[in-house]
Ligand code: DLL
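Below, in structure tokens: the form predicted on its own, a single chain.
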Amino acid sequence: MHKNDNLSPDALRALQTERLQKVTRHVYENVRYYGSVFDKLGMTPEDMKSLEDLRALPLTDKETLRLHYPFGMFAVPMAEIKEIHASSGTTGKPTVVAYTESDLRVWSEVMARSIACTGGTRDDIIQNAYGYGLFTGGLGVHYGALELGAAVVPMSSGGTQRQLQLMQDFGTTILTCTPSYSVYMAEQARSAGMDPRHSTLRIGILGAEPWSEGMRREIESAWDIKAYDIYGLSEIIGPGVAVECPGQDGLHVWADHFLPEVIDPDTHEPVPDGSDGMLVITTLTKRATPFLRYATKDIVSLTHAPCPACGRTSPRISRIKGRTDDMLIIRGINVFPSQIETVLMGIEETLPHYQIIVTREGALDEIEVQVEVNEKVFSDEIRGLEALEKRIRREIESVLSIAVRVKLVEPKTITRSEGKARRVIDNRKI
């Protein structure tokens, strides 16, 4: 366990305050945008005397980064930049982030802490099936594995048959990829006559997309492993911001590097521990592209209670419950895809592959949930399928409080992804 994983609340707060004051001075002097923010508020870095003073500042978000594309948010000269990543955003300019040598050391450290938190050690063989390149997932895990001293197999995403073959040949013990890809790999293994439950895997470190407890149970059963949620985003550092421990009861935030707040997304006021809100993070040690109060758009709850499972005192966030920007508003109701997934994962006849199709018919928005069912159910008589459709529709409607259509489809009908699964297709012309 890292020495900062179980600091007392007072010691952690003192360290965070010291680092906040340093990063505030750094961005004020070196990032024109932040300099203007402080000047407009009539503030200087010396006004940042406590963590609460941070709340006087506005949020930073993707749009802020796009407005200053490509290098306007850099806080160091280009000579100090060692690595540059860019998002693959679907609209507008990509968001660009950079790393100095010290940033890469921090990234390696927090990822090593994350792998160790799940039970990983230097004796493990880590098959890294996150994408390498501008996406931060692959390289983040790679750096952390090296820092931990484990062997890393830099597979990147895709090439599923080769992934499975090398996993078998090498005796891989930890798999890192998106949750949906781990499900797809298990499916492909069975199709190839392999039983994924008999693999050498013991741990899955899965992230980059929201997933439910139901999908966790599906993955753990399919592979006979423990599956852990890992959280990160490129703007903060990449993967390694937070991760679950064996208690699987919230993700430990490495709060000596990343200061979390959870706020009401409408009022921006802080919400109490245990209440849902938008996660906001301030980078306390990043040099190249430090951000104050970055709005992640992820909906979580936060607790500062020590973890009963592992003893760490670092704050914990819940798994992602949705996003403020992929939240669907259907007939005035807020709908998160994760709500629908939770229902589907609780119905044993369904497979963990689904899509939510949103259309607008006249003035009304309509949702159709397409979900795969297993072969036995699909080959059943029509009456049985209709009864299952009604049951799924009733359970979804009880959660969402709006009417939905449900369409059962046969196995392997819904397009698979070797990266993030495309769960929502919004065909409305809004």
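Predicted, not measured: the structure shown is a model, and the values here were computed from it. Throughout, we count residues from 1 along the sequence that is shown.
What comes next is about the form predicted in complex with the ligand, which does not appear here.
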Would you point out which of 127-135, 71-79, 345-353, 146-154 contains residues with a non-hydrogen atom within 4.5 Å of the ligand in the predicted complex?
127-135
Contact residue in the predicted complex, chosen from Tyr181, Tyr231, Phe291, Trp223 - any heavy atom within 4.5 Å of the ligand:
Tyr231
The listed residue (Asp256, Asp103, Glu235, Glu341) that reaches within 4.5 Å of the ligand in the predicted complex by any heavy atom is Glu235
Among Arg113, Pro260 and Ser314, does every residue place a heavy atom within 4.5 Å of the ligand in the predicted complex?
no
Does any heavy atom of Thr296 come within 4.5 Å of a heavy atom of the ligand in the predicted complex?
yes
Even though the ligand is not shown here, does Arg216 get within 4.5 Å of it in the predicted complex, heavy atoms only?
no
Just to confirm, Gly204 within 4.5 Å of the ligand in the predicted complex by heavy atoms?
no
Proximity of Val271 to the ligand in the predicted complex, heavy atoms at 4.5 Å:
no
Interface residues of 318-334 toward the ligand, as seen in the predicted complex [heavy atoms, 4.5 Å]
Ile320, Arg323
